[in-house]
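Only one chain comes next, encoded as C-alpha coordinates, the form predicted on its own.
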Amino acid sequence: MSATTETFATGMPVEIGKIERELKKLWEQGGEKMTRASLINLAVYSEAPDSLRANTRIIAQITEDHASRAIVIAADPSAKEDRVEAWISAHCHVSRAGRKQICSEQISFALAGSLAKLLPNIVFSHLDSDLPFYLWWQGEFHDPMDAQLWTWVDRLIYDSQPWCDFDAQMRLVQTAQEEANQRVVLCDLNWTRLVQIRLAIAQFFDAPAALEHLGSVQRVEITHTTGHRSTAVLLAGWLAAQLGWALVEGADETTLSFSDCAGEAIRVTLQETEGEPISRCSLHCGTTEFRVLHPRGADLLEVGTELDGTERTHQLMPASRNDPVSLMSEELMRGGPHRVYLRAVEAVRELL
(Lines give C-alpha, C1' and ligand atoms only; values in the text may rest on other atoms or scores of the structure.)
Protein backbone atom coordinates (compact mmCIF):
# COMPACT_ATOMS: atom_id res chain seq x y z
CA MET A 1 0.00 0.00 0.00
CA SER A 2 1.00 3.57 -0.47
CA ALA A 3 1.86 5.69 2.52
CA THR A 4 -0.99 7.97 1.47
CA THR A 5 -3.84 7.25 3.84
CA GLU A 6 -7.36 8.56 4.23
CA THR A 7 -9.74 7.68 7.00
CA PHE A 8 -13.27 7.62 5.60
CA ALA A 9 -15.54 8.85 8.39
CA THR A 10 -14.39 9.04 11.97
CA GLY A 11 -17.41 7.06 13.07
CA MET A 12 -21.08 7.27 12.22
CA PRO A 13 -23.45 6.35 15.07
CA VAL A 14 -25.73 3.44 14.19
CA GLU A 15 -28.40 1.38 15.90
CA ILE A 16 -27.20 -2.05 16.99
CA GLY A 17 -29.73 -3.86 14.83
CA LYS A 18 -28.93 -1.86 11.69
CA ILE A 19 -25.13 -2.19 11.52
CA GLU A 20 -24.94 -4.44 8.46
CA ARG A 21 -27.53 -2.37 6.61
CA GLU A 22 -25.63 0.85 7.29
CA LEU A 23 -22.34 -0.74 6.24
CA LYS A 24 -23.90 -1.70 2.94
CA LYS A 25 -24.97 1.93 2.43
CA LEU A 26 -21.46 3.08 3.27
CA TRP A 27 -19.96 1.00 0.46
CA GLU A 28 -22.66 2.03 -1.98
CA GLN A 29 -21.81 5.67 -1.34
CA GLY A 30 -18.17 4.98 -2.15
CA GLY A 31 -19.06 3.71 -5.62
CA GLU A 32 -16.35 2.32 -7.87
CA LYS A 33 -13.56 4.33 -6.24
CA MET A 34 -13.69 2.22 -3.06
CA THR A 35 -12.90 -1.48 -2.93
CA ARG A 36 -13.73 -3.34 0.26
CA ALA A 37 -11.02 -5.77 1.39
CA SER A 38 -10.85 -8.16 4.31
CA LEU A 39 -8.49 -11.05 5.05
CA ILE A 40 -9.15 -11.48 8.77
CA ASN A 41 -11.56 -10.53 11.52
CA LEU A 42 -9.61 -8.46 14.04
CA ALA A 43 -11.35 -7.64 17.31
CA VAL A 44 -9.71 -5.30 19.83
CA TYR A 45 -10.95 -5.26 23.43
CA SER A 46 -9.91 -2.65 25.98
CA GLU A 47 -11.16 -1.25 29.27
CA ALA A 48 -8.76 1.71 29.23
CA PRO A 49 -10.17 5.25 29.18
CA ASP A 50 -10.42 6.75 25.68
CA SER A 51 -9.39 3.42 24.15
CA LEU A 52 -11.95 3.73 21.35
CA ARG A 53 -10.24 6.74 19.84
CA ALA A 54 -6.72 5.41 20.42
CA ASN A 55 -7.47 2.00 18.93
CA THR A 56 -9.22 3.55 15.93
CA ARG A 57 -5.97 5.37 15.11
CA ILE A 58 -4.04 2.10 15.49
CA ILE A 59 -6.45 0.17 13.27
CA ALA A 60 -6.24 2.89 10.62
CA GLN A 61 -2.49 2.25 10.35
CA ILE A 62 -2.61 -1.54 10.67
CA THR A 63 -5.08 -1.85 7.80
CA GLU A 64 -2.61 -0.25 5.40
CA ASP A 65 -0.94 -3.68 5.19
CA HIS A 66 -3.49 -6.01 6.80
CA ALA A 67 -6.96 -5.64 5.34
CA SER A 68 -9.56 -6.72 7.87
CA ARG A 69 -12.96 -6.28 9.37
CA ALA A 70 -12.07 -4.56 12.63
CA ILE A 71 -14.34 -4.80 15.66
CA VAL A 72 -13.17 -2.28 18.25
CA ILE A 73 -14.69 -2.64 21.70
CA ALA A 74 -14.34 -0.19 24.58
CA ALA A 75 -15.77 -1.63 27.78
CA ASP A 76 -16.46 -0.17 31.20
CA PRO A 77 -17.77 -3.04 33.34
CA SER A 78 -17.69 -0.92 36.52
CA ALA A 79 -20.04 1.76 35.16
CA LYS A 80 -23.18 2.30 37.24
CA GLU A 81 -25.45 2.67 34.22
CA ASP A 82 -25.90 0.07 31.49
CA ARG A 83 -25.22 1.46 28.04
CA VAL A 84 -24.30 0.21 24.57
CA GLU A 85 -23.42 2.39 21.59
CA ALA A 86 -22.15 1.53 18.11
CA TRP A 87 -20.43 3.31 15.21
CA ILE A 88 -19.24 2.31 11.76
CA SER A 89 -16.35 3.70 9.73
CA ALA A 90 -13.93 2.74 6.97
CA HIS A 91 -10.16 3.08 6.69
CA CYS A 92 -9.14 3.64 3.07
CA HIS A 93 -5.65 3.56 1.59
CA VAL A 94 -4.75 4.56 -1.94
CA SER A 95 -3.37 1.61 -3.91
CA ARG A 96 0.04 1.69 -5.55
CA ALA A 97 -1.69 2.23 -8.89
CA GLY A 98 -3.23 5.35 -7.38
CA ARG A 99 -6.65 4.73 -8.87
CA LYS A 100 -8.70 2.95 -6.23
CA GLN A 101 -8.98 3.15 -2.50
CA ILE A 102 -8.63 -0.19 -0.73
CA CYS A 103 -10.85 -0.03 2.33
CA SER A 104 -11.25 -1.95 5.57
CA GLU A 105 -14.38 -1.49 7.61
CA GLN A 106 -14.51 -0.89 11.35
CA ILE A 107 -17.40 -1.50 13.71
CA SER A 108 -16.97 0.15 17.10
CA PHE A 109 -18.83 -0.53 20.34
CA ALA A 110 -18.92 1.12 23.75
CA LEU A 111 -20.23 -1.27 26.41
CA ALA A 112 -20.95 -0.06 29.93
CA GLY A 113 -22.12 -1.72 33.13
CA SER A 114 -23.55 -5.21 32.94
CA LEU A 115 -23.80 -4.91 29.14
CA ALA A 116 -20.03 -5.46 28.97
CA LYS A 117 -20.95 -9.13 29.30
CA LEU A 118 -22.40 -8.92 25.79
CA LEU A 119 -18.89 -9.17 24.36
CA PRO A 120 -19.26 -12.71 22.92
CA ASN A 121 -22.63 -11.89 21.33
CA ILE A 122 -21.33 -8.62 19.92
CA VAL A 123 -18.33 -10.32 18.36
CA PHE A 124 -20.07 -13.42 17.01
CA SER A 125 -22.86 -11.51 15.32
CA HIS A 126 -20.47 -9.27 13.40
CA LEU A 127 -17.73 -11.60 12.18
CA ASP A 128 -17.09 -11.51 8.44
CA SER A 129 -18.02 -14.90 6.94
CA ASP A 130 -15.47 -17.67 7.51
CA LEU A 131 -12.38 -15.49 7.80
CA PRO A 132 -9.95 -16.23 10.67
CA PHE A 133 -10.76 -14.48 13.92
CA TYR A 134 -7.94 -12.71 15.78
CA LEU A 135 -8.71 -11.24 19.21
CA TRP A 136 -6.35 -8.59 20.58
CA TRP A 137 -7.00 -8.36 24.32
CA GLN A 138 -5.47 -5.24 25.85
CA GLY A 139 -4.80 -5.28 29.59
CA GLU A 140 -5.26 -8.17 31.98
CA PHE A 141 -7.71 -11.05 31.67
CA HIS A 142 -10.54 -11.61 34.13
CA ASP A 143 -11.41 -14.67 36.13
CA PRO A 144 -13.56 -16.51 35.19
CA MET A 145 -12.85 -16.63 31.46
CA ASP A 146 -15.89 -16.67 29.18
CA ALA A 147 -15.93 -20.16 27.68
CA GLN A 148 -18.28 -19.10 24.88
CA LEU A 149 -15.83 -16.54 23.52
CA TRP A 150 -12.76 -18.73 23.07
CA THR A 151 -14.38 -21.38 20.90
CA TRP A 152 -14.35 -18.88 18.02
CA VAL A 153 -10.87 -17.38 18.47
CA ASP A 154 -8.08 -18.53 16.14
CA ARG A 155 -5.31 -16.33 17.53
CA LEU A 156 -5.34 -14.62 20.93
CA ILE A 157 -3.03 -11.61 21.00
CA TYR A 158 -1.95 -10.03 24.29
CA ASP A 159 1.03 -8.27 25.86
CA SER A 160 2.46 -9.87 29.01
CA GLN A 161 4.90 -7.00 29.62
CA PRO A 162 2.64 -5.00 32.01
CA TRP A 163 1.17 -8.03 33.80
CA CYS A 164 1.55 -7.87 37.58
CA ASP A 165 1.14 -11.63 38.07
CA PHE A 166 2.37 -13.52 35.02
CA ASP A 167 1.56 -16.98 36.34
CA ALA A 168 -2.03 -16.09 37.24
CA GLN A 169 -2.62 -14.45 33.87
CA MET A 170 -1.00 -17.32 31.98
CA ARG A 171 -3.24 -19.78 33.79
CA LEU A 172 -6.27 -17.84 32.55
CA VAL A 173 -4.87 -17.87 29.01
CA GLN A 174 -4.32 -21.61 29.19
CA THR A 175 -7.86 -22.02 30.47
CA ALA A 176 -9.03 -20.27 27.31
CA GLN A 177 -6.97 -22.73 25.28
CA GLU A 178 -8.56 -25.65 27.07
CA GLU A 179 -12.05 -24.24 26.53
CA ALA A 180 -11.25 -24.11 22.81
CA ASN A 181 -9.73 -27.61 22.74
CA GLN A 182 -6.24 -26.17 22.20
CA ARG A 183 -7.17 -24.54 18.87
CA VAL A 184 -6.30 -21.01 20.07
CA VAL A 185 -2.79 -19.84 19.12
CA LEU A 186 -1.24 -17.67 21.85
CA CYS A 187 0.49 -14.54 20.55
CA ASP A 188 2.39 -12.48 23.13
CA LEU A 189 3.54 -9.05 21.91
CA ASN A 190 6.23 -9.20 24.59
CA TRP A 191 7.64 -12.13 22.62
CA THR A 192 7.19 -10.24 19.34
CA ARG A 193 9.50 -7.51 20.69
CA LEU A 194 12.30 -10.10 20.63
CA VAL A 195 11.92 -11.28 17.01
CA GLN A 196 14.82 -9.34 15.48
CA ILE A 197 17.15 -9.86 18.43
CA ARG A 198 16.50 -13.61 18.37
CA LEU A 199 17.20 -13.68 14.63
CA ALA A 200 20.44 -11.76 15.17
CA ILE A 201 21.61 -14.17 17.87
CA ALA A 202 20.62 -17.25 15.88
CA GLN A 203 22.56 -16.18 12.78
CA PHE A 204 25.81 -16.23 14.77
CA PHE A 205 25.61 -20.00 14.70
CA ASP A 206 24.67 -20.52 11.06
CA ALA A 207 28.30 -21.27 10.22
CA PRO A 208 29.37 -24.84 11.16
CA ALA A 209 32.57 -23.48 12.74
CA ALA A 210 30.53 -21.49 15.25
CA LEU A 211 28.28 -24.36 16.35
CA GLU A 212 30.85 -25.63 18.86
CA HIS A 213 30.35 -22.43 20.85
CA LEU A 214 26.71 -23.32 21.56
CA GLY A 215 27.87 -25.91 24.07
CA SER A 216 30.34 -23.60 25.76
CA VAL A 217 28.21 -20.60 26.76
CA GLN A 218 29.31 -19.62 30.26
CA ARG A 219 27.71 -16.26 30.79
CA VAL A 220 24.96 -14.13 29.22
CA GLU A 221 24.46 -10.41 29.80
CA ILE A 222 21.12 -8.79 28.96
CA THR A 223 20.40 -5.08 29.31
CA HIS A 224 16.76 -3.96 29.37
CA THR A 225 14.91 -0.73 29.98
CA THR A 226 12.66 0.08 32.93
CA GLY A 227 9.52 -2.05 32.97
CA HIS A 228 10.87 -4.65 30.58
CA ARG A 229 12.49 -7.14 32.92
CA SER A 230 9.95 -9.73 31.77
CA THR A 231 11.09 -9.15 28.18
CA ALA A 232 14.67 -9.89 29.23
CA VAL A 233 13.58 -12.99 31.17
CA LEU A 234 11.71 -14.23 28.09
CA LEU A 235 14.90 -13.82 26.06
CA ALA A 236 16.78 -15.86 28.66
CA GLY A 237 13.97 -18.42 28.51
CA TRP A 238 14.41 -18.70 24.75
CA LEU A 239 18.12 -19.39 25.13
CA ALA A 240 17.43 -21.93 27.87
CA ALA A 241 14.74 -23.74 25.87
CA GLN A 242 16.79 -23.87 22.68
CA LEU A 243 20.03 -24.94 24.35
CA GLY A 244 18.59 -27.36 26.89
CA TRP A 245 19.43 -25.38 30.02
CA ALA A 246 17.68 -26.11 33.30
CA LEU A 247 16.80 -23.39 35.79
CA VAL A 248 18.68 -23.58 39.09
CA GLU A 249 17.26 -22.23 42.35
CA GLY A 250 18.71 -19.11 43.83
CA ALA A 251 17.86 -16.58 41.12
CA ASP A 252 17.34 -12.96 42.14
CA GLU A 253 16.27 -9.78 40.35
CA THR A 254 19.58 -9.40 38.52
CA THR A 255 21.04 -12.90 38.23
CA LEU A 256 19.50 -16.06 36.80
CA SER A 257 21.26 -19.38 37.20
CA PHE A 258 21.03 -22.30 34.77
CA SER A 259 22.89 -25.54 34.16
CA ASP A 260 23.51 -27.09 30.77
CA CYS A 261 23.15 -30.73 29.73
CA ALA A 262 26.63 -31.50 31.10
CA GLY A 263 25.86 -29.90 34.45
CA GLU A 264 27.99 -26.82 33.78
CA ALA A 265 26.75 -23.57 35.32
CA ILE A 266 25.53 -20.68 33.16
CA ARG A 267 24.88 -17.28 34.70
CA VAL A 268 22.52 -14.78 33.09
CA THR A 269 22.84 -11.24 34.43
CA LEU A 270 20.13 -8.62 33.92
CA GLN A 271 20.93 -4.92 33.94
CA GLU A 272 18.42 -2.07 33.77
CA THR A 273 19.14 1.15 31.89
CA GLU A 274 17.19 3.65 29.82
CA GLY A 275 16.82 2.77 26.16
CA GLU A 276 15.18 0.11 24.04
CA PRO A 277 13.26 -2.79 25.62
CA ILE A 278 16.40 -4.90 25.06
CA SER A 279 19.44 -2.77 24.28
CA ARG A 280 22.12 -5.45 24.63
CA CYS A 281 22.54 -9.21 24.70
CA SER A 282 26.02 -10.72 24.96
CA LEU A 283 26.89 -14.41 24.99
CA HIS A 284 30.31 -15.22 26.45
CA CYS A 285 31.84 -18.50 25.29
CA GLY A 286 35.37 -18.73 26.67
CA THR A 287 37.36 -15.92 25.01
CA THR A 288 34.66 -15.33 22.38
CA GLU A 289 31.81 -12.87 22.80
CA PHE A 290 28.74 -12.78 20.56
CA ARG A 291 27.08 -9.38 20.98
CA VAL A 292 23.87 -7.72 19.78
CA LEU A 293 23.35 -4.01 20.52
CA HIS A 294 20.25 -1.91 19.91
CA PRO A 295 21.21 1.78 20.30
CA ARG A 296 18.41 3.97 21.57
CA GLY A 297 16.07 5.03 18.76
CA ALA A 298 18.04 3.16 16.09
CA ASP A 299 16.40 1.22 13.26
CA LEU A 300 19.30 -1.23 13.06
CA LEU A 301 20.98 -3.65 15.43
CA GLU A 302 24.75 -3.66 15.74
CA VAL A 303 25.78 -7.30 15.61
CA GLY A 304 29.36 -8.38 16.21
CA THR A 305 31.82 -11.01 17.43
CA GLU A 306 34.93 -10.45 19.54
CA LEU A 307 37.79 -12.86 20.14
CA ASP A 308 40.21 -12.04 22.96
CA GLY A 309 38.88 -8.47 22.99
CA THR A 310 39.43 -7.95 19.26
CA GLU A 311 36.45 -7.39 16.98
CA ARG A 312 36.31 -10.09 14.32
CA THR A 313 32.94 -9.47 12.69
CA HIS A 314 30.53 -6.55 12.54
CA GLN A 315 27.26 -6.14 10.69
CA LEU A 316 23.97 -4.29 10.85
CA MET A 317 20.61 -6.05 11.00
CA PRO A 318 17.00 -4.79 11.23
CA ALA A 319 15.74 -3.86 14.69
CA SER A 320 12.21 -4.26 16.05
CA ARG A 321 10.10 -1.23 16.93
CA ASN A 322 8.16 -1.03 20.16
CA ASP A 323 5.02 0.90 19.18
CA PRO A 324 1.65 -0.94 19.05
CA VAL A 325 1.25 -0.62 15.28
CA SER A 326 4.68 -2.08 14.54
CA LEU A 327 4.26 -4.90 17.05
CA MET A 328 0.82 -5.83 15.72
CA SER A 329 1.96 -5.64 12.10
CA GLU A 330 4.89 -7.91 12.92
CA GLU A 331 2.62 -10.38 14.69
CA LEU A 332 0.02 -10.40 11.92
CA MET A 333 2.72 -11.34 9.40
CA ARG A 334 3.65 -14.44 11.36
CA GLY A 335 1.75 -17.71 11.39
CA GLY A 336 2.31 -21.01 13.13
CA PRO A 337 1.50 -22.19 16.64
CA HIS A 338 4.33 -20.33 18.47
CA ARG A 339 5.60 -23.52 20.13
CA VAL A 340 9.05 -21.96 20.73
CA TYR A 341 7.35 -19.20 22.75
CA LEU A 342 5.59 -21.75 24.93
CA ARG A 343 8.85 -23.61 25.56
CA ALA A 344 10.58 -20.36 26.47
CA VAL A 345 7.81 -19.48 28.93
CA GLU A 346 8.00 -22.87 30.62
CA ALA A 347 11.79 -22.59 30.95
CA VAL A 348 11.51 -19.42 33.09
CA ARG A 349 7.86 -19.30 34.16
CA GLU A 350 8.59 -19.09 37.88
CA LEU A 351 10.73 -16.00 37.23
CA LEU A 352 8.15 -14.04 35.25
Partner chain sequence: MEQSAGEVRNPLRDGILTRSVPEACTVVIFGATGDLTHRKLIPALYNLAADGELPPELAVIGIARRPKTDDEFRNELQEAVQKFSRQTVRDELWNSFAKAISYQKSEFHDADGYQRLGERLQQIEEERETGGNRLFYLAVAPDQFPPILQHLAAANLNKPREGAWARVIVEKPFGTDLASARELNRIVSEAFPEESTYRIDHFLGKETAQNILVLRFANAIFEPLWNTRYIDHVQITAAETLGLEGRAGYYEGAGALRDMVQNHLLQLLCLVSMEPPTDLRADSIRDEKVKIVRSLRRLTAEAVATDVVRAQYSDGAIAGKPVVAYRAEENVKRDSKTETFVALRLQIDDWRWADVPIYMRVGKRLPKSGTEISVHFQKAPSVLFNKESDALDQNVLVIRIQPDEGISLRMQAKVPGTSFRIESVKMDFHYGTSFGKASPEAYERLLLDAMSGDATLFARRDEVEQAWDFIDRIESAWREPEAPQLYEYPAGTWGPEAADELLARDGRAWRRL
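This structure is a prediction, so every number in the text was calculated from the model and none was measured. Residue numbers count along the first chain shown, from 1.
The same protein also has a form predicted together with its partner chain, omitted here; what follows describes it.
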The chain here is shown without its partner chain. Which stretch in 233 to 241, 147 to 155, 73 to 81, 108 to 116 comes within 4.5 angstroms of it in the model of the complex, by heavy atom distance? 233 to 241
Just one of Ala43, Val292, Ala67, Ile59 has a heavy atom within 4.5 angstroms of its partner chain in the model of the complex, so which one? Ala67
Please identify the residue among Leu127, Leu172, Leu211, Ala265 with any heavy atom within 4.5 Å of its partner chain in the model of the complex. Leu211
Within 4.5 Å, heavy atoms only: does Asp323 come near its partner chain in the model of the complex? no
Is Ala176 one of the residues lying within 4.5 Å of its partner chain in the model of the complex, judged by heavy atom distances? no
Can you tell me whether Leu247 touches its partner chain? I mean in the model of the complex, with a 4.5 angstroms heavy atom cut-off. no
Is the gap between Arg343 and its partner chain in the model of the complex 4.5 Å or less for some heavy atom pair? yes
All three of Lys24, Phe166 and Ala347 touching its partner chain in the model of the complex at 4.5 Å, heavy atom to heavy atom? no
If you look in the model of the complex, which residues in 201 to 220 sit within 4.5 Å of its partner chain (heavy atoms)? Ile201, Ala202, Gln203, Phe205, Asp206, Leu211, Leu214
